[in-house]
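First comes one chain, alone, set out as structure tokens in the form predicted on its own.
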Amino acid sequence: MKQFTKHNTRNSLRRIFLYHGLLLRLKSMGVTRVFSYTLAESAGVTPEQVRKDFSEYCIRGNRRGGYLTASLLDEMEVLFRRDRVTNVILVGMGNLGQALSKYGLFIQRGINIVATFDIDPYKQKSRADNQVYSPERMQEIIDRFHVTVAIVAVPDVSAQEVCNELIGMGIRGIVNFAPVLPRVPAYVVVNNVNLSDEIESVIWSVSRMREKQSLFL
């Protein structure tokens, strides 16, 4: 019997992306050299964690002399393979899917949405910046553009079926915005992004902070 698992991006890689954003801001401010404690303070981790993360991804630096900002960014660009464009597809053109399809920063970071899909014939016929195709053409486009990663923004009731179809067509990485956890084979990477959970977690944290503060008033 085939086993299923949920394979998420490692936390250390998520932190590398966070460090990358921090370094870009520091570079824009004219900062040419940074230390692990500088990044640690902004990222909410320890300097030891920063150095450990860099070591895991073979990012080099000088513990005493710090890191050259430009060199760190260059190494991260190589790590993220920003020197080439990766083709992806987007399935589900509701409000969220439409917003994702128009997100300009994707192409700046080497992410090219080559096609979008929806079962709604009206959306397939309507004029848009990105042509919306029938799901019947997914295999054709996946093969033509050598796509291995898909963004899924369909209703929860359809998410598992859509993921199954994508995997059968050769997709090996899925960014899932549906509020469910799809069951996928161990060789498929899935990142589940639940926007409602993210917002609620912030609301809960703010409420807890207020409750704690009120105890000292």
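In this text, the rigid core denotes the largest set of C-alpha atoms whose superposition between the two forms falls within 1.5 Å. All residue numbers are counted from 1 along the displayed sequence. Keep in mind that this is a model prediction, so the values were computed, not measured.
There is another form of this protein, the form predicted together with a further copy of the same chain, and it is not shown here; the text below is about that form.
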Option touching a further copy of the same chain, based on a heavy atom within 4.5 Å in the model of the complex, out of 162, 174, 184, 50: 174
Residue (of 59, 26, 149, 167) lying close to a further copy of the same chain in the model of the complex, criterion heavy atoms within 4.5 Å: 149
Thinking of a further copy of the same chain in the model of the complex, which stretch from 67-75, 103-111, 131-139, 117-125 has heavy atoms inside 4.5 Å of it? 103-111
Taking heavy atoms only, is residue 46 within 4.5 angstroms of a further copy of the same chain in the model of the complex? no
So in the model of the complex, does any heavy atom of residue 80 sit within 4.5 Å of a further copy of the same chain? yes
Whether residue 32 contacts a further copy of the same chain in the model of the complex should be assessed with a 4.5 Å heavy atom distance threshold; does it? no
Proximity of residue 191 to a further copy of the same chain in the model of the complex, heavy atoms at 4.5 Å: yes
In the model of the complex: members of 13-28 within 4.5 Å of a further copy of the same chain, any heavy atom: 13, 14, 17, 18, 20, 25
Core fit, then residue 168 C-alpha moves 2 Å or more between this form and the one not shown: no
Look at residue 192 and decide if its Cα position differs by 2 Å or more between this form and the one not shown after superposing on the rigid core. no
Would you tell me if residue 180 moves between this form and the one not shown by 2 Å or more at its C-alpha, with the rigid core held superposed? no
Distance direction in the model of the complex for the C-alpha atoms of residue 111 and residue 25, relative to the displayed form (3 angstroms or more): closer
Checked in the model of the complex: CA of residue 29 to CA of residue 110 differs by 3 Å or more, atoms lying closer
